[in-house]
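As structure tokens, one chain now follows by itself in the form predicted alone.
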Amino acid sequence: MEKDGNTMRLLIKGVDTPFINALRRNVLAEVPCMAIDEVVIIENSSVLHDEIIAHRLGLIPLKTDLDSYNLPEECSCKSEFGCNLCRVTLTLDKEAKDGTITVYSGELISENPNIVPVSDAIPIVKLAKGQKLRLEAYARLGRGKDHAKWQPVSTCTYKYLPRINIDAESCDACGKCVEICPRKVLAKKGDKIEVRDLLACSLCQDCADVCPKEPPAIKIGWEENAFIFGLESTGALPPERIMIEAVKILKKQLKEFASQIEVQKA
């Protein structure tokens, strides 16, 4: 329906609520992305403790290449230290020589130019004159169910596809329903009330409640098996790739569940 940069909105039909919610949960918890997981502080004379700096680094979204890296538990190296197939090293070496400076995410130097912060303008720490910060950071793939820093999206929501019915015979086009709607879903044209933007409806029922007719001339409902699904990527992955991966993971989960049922029956 709509795609703009890191945001995407889909119309999904022919599925029920458990399916669409399972898809949403997979987007949040199962689709892997890169994030800094370990930090080695070599020198830190800033006012922030090592742990705070490490925490800030972990929350910086990193562009992710799912095709070139393995999840640590699936990597052939089987090493707790990782290898070039499951870990990326980023370094930072800054010193405030002439006065106070702000160290930004863009000053992290990655060994892989494809695995870098999604924004160069995320502040990490301020250094006063004479202060230094030197560190090595190690990024790896992870899942949102283990830590929020591995969530590839900042928001992921769904709602029913709205359905608005206006009784033309009963409605006298008083306009009260138009005035009360904060999303401007309805519009008055001449002696009629028309739906201006159906997808903006939040199903709040305010327009039906304010209608002076009894019963109300406007009825708000929804399609049982149709949903508007929206997500906003952090920039780690394109939104369409996030959806594709979520569907793949859901398919795999359902196959595993089916096989377990077969085992139980046997």
Partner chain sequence: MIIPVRCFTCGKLIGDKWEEFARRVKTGEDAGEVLDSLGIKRYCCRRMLLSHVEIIDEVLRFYEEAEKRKEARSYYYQQ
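Note that the coordinates shown come from a computational prediction; the quantities given were computed from them, not determined experimentally. Numbering follows the first chain given and starts at 1.
We do not show the form predicted in complex with its partner chain, though everything after this point is about it.
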- Item | in the predicted bound form, segment of 173-181, 189-197, 84-92, 148-156 with a heavy atom within 4.5 Å of its partner chain | 148-156
- Pro113 within 4.5 Å of its partner chain in the predicted bound form, heavy atoms: no
- Message: My question is simply whether Lys126 lines the interface with its partner chain in the predicted bound form - judged by any non-hydrogen atom within 4.5 Å.
- Response: yes
- Consider Ile122 of the chain shown here, and say whether it contacts its partner chain in the predicted bound form, taking contact as heavy atoms within 4.5 Å. yes
- Item | 4.5 Å heavy atom contact, Pro216 and its partner chain in the predicted bound form | no
- Item | Partner-contacting position among Ile60, Cys211, Ile228, Val39 - heavy atom within 4.5 Å of its partner chain in the predicted bound form | Ile60
- Counting only heavy atoms and a 4.5 Å cut-off, does its partner chain in the predicted bound form sit next to every one of Val47, Tyr104 and Thr234? yes
